[in-house]
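Presented as structure tokens, the chain that follows is alone, the form predicted alone.
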């Protein structure tokens, strides 16, 4: 029986989604919970829709796994969450549903959405520490929006691609990049079928330079056309990034 799950997690003290040898991961917590549930030494592999990095959070990550047993959805959700609490894991199963064997959390997805949060005020965060990027200098929202417009559509995003990116091609289509405010927060909402490694964080880090006056909005087009990572700005910290949706 194949199950589709929707997850929420706080990534600060993990090494990201994928199981690692040198520290905890979201995948490991979930697979440990399933092993405890089934009283089995063998691991039920949990496959996620996206491999979030260390320190990155999720509002609605999607994953799937297979079990030999047919368990009612709500009972399985409660059981997995019980064993996650036993591990003090920073992850919870929000929803669970049975699906057919053709469903794959990663390859069946037709789009992904991310949110990036900047706290733009003079005083540092306390309640939101490790959940936002604190930028104490004022940022010009309108100029950042003007710069972001150059990123929309189909482009070679090599300038915003991490050196370790394993994608076969730097060509991607950015379907959405909206920048809004909520109190002292600046919120980026981006959507695409898929993203390059660090693409969102590199775009945000570069647009921040537009906001603080180090770059002009038109410079984003020049940086994009350069197809060179060295032309763009720094990588924004992981703490402000959230996987917010996966579309099927």
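Given the structure is predicted, the values throughout are model-derived calculations rather than measurements. Numbering follows the first chain given and starts at 1.
Missing here is the form predicted together with another copy of the chain; even so, the following discussion is about that form.
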property	result
Any non-hydrogen atom of residue 106 within 4.5 angstroms of another copy of the chain in the model of the complex	no
is_contact(residue 88, another copy of the chain) in the model of the complex, heavy atom dist at most 4.5 Å	yes
Contact test in the model of the complex: residue 9 vs another copy of the chain, heavy atoms, 4.5 Å	yes
Residue contact check: residue 63 to another copy of the chain in the model of the complex, 4.5 Å heavy atom	no
Per-stretch contact check against another copy of the chain in the model of the complex, the hit in 160 to 168, 173 to 181, 115 to 123, 143 to 151 (non-hydrogen atom, 4.5 angstroms)	115 to 123
Sole residue of 49, 210, 46, 58 within 4.5 Å of another copy of the chain in the model of the complex, by heavy atom	58
Contact set, 215 to 248 vs another copy of the chain in the model of the complex - heavy atom within 4.5 angstroms	242
